[in-house]
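Included below are structure tokens for two forms of one protein chain, each presented in isolation as structure 1 and structure 2.
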Structure 1
Amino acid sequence: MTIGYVVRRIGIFLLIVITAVTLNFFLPRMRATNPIESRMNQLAAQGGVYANQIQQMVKIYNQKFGLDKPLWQQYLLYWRDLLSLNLGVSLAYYPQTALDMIARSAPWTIGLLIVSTLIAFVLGTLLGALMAWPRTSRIALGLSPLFMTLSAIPYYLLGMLFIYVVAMRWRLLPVGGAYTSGVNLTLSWAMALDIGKHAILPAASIVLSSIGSWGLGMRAMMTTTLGEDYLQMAEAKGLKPQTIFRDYALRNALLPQVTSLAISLAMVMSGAVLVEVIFGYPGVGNLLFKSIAGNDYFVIQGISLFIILSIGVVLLALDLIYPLIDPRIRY
């Protein structure tokens, strides 16, 4: 790994950050309407404030948030606020800050997505390896079209099917939410069981629809690996088929899969906006959906920035660590 590579990679990361922040700043301002004005109009429509007061309130808020200054000054102020971790306040749930709201919903998303991504990875990789392995029984092979079909269905539609069949018709599991509503969050086995029960359906819809793509990736890698000389050598030595499968084929085909896994884990934050919305799961995706519906611009901006930054950081770390793990990679 050369210094040049490291510098280039960090440069790209900084470019991503600058692009994201700049877009995040300018996109909302390209709109003809002022975010505060549209929020106020929405409130007026709901009977929250009187229409004749709106203009005055908009003026006050514009001053407060610095929206009356020239654009370049606002842009610099935006950077200053970001660097001091100030993402602004929620317009819909004032005086909560955007950062607080994101911090409260992030653990739900991270928990749900990491667990389901890992399960899908293990099952899918194993399935893919077996699909490429010539000695696999017909029964196991018969399962693969099922998972390929499932992988063609978007997560959230599978989720809708589950809600209707499992939660509504059979009444086996809760319809939505992350825990029984009205219950205070405590640290207990009963609570953990409750949270687990609520997570089964959203997790299952993510797992079932992503097993197939993990399987396809692994099958391709496994097919390549099976053609390698060291596999023939292992066979010629008379090793047991299980040993060849586990220690020679699977292990070597696994590496690119692990890279994809790391990338998927980096994307966890944005992974399942629609699943969260369908299940009313209180994660980042659902917060984004509500903020869009409520014209809550600072929260929308905060979430998008948060997601892009988290992905950028994880991918940067991955790219810098990876050459150390895999000696075959040279930059």
Structure 2
Amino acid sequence: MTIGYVVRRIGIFLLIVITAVTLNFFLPRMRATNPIESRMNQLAAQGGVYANQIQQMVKIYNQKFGLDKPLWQQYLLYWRDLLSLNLGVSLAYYPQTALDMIARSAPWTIGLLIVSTLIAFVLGTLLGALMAWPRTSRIALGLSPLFMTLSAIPYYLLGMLFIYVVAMRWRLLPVGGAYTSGVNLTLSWAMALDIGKHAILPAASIVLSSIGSWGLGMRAMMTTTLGEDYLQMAEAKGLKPQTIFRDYALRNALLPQVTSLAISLAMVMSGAVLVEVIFGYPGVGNLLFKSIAGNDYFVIQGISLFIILSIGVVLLALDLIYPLIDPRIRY
């Protein structure tokens, strides 16, 4: 890997960051309505603010958040705040900051989605490879219709089905939430088991709906690999079938799957919005849903920025790791 290659990739990453921050700043400001005024109107409709005080409070909040300044000054202030990790103050839950709210929600989403994504990736990839391997069992060959069915079912539909059958009819697992209501979070095995019990249903809905996509994708990659010359050479050398499957077929077919896995892990910060809303899970997806419903301007901006930056960081890591995995990419 040459220094020029690394410098180019880092330059592309910095360009992505600048573009993302710029779009994240300008797109919300293209809306016709003032977010603070919209929020004050909502509070007035709920009886939280008197209607004759709205304009006065909007003026005060615009001055406080710098929205009364020229656009170019707002843009420079936005960069200054980002570099100091200041994403603004929540309009719906003032005076909480957007960064604090995202930081509280992120561990729940990261824990749920990383575990479920990795489980779905490992099971789907392995079973998909077995479906395409000519020496596999009939059971693996019969998984294709099941995987096609699972890949067509949205995860939120599976989530609602699990709530009705497993939680409400059979009463085997909790209906929703991340832990038992009223319990204080502590570092203990009982708390860990309680959190794990509440995460089973949302994780299962994500795993079952995505395992089919991973399996079908790996089956297609494995099928294209079977006709390669290096497989025929491995068979001619008299290598064991499991060695050919693991070291020659599976390893080479796995590269596109690794790219998809990295992008899926990068999207973790967006949260599984509908699953988290359905199960009342306190993750980033649920926070994003509440922020959109409540016109929480700065929290929406903060979540969007974190999603874009996480994708950019993962793609940069892929660009730097791939030449080590496949030397052909160096050229």
Partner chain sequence: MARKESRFVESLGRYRLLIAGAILVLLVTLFGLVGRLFVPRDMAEVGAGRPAKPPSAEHLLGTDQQGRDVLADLIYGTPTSLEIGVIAGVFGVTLGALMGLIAGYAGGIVDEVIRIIVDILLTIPSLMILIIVASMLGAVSVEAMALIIAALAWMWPARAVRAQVLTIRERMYVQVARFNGASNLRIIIGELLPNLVPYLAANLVGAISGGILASVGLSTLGLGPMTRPSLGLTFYWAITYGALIRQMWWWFMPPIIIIIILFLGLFLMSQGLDQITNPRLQSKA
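If you superpose the two forms and keep the largest set of C-alpha atoms that fall within 1.5 Å, you have the rigid core. This one's a predicted model, so the numbers in the text were calculated from it and none came from an experiment. By convention here, residues take numbers in order along the sequence of structure 1, the first being 1.
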Either 1 or 2, the form predicted on its own: 2
Core superposition between structures 1 and 2, C-alpha change of N184 at least 2 Å: no
After fitting the core, L173 CA displacement of 2 Å or more between structures 1 and 2: no
Core-aligned C-alpha movement of A253 between structures 1 and 2 reaching 2 Å: yes
Core-aligned Cα shift of T243 between structures 1 and 2, given in Å: 4.3
Rigid core fit between structures 1 and 2: Cα deviation of V7 in angstrom: 3.3
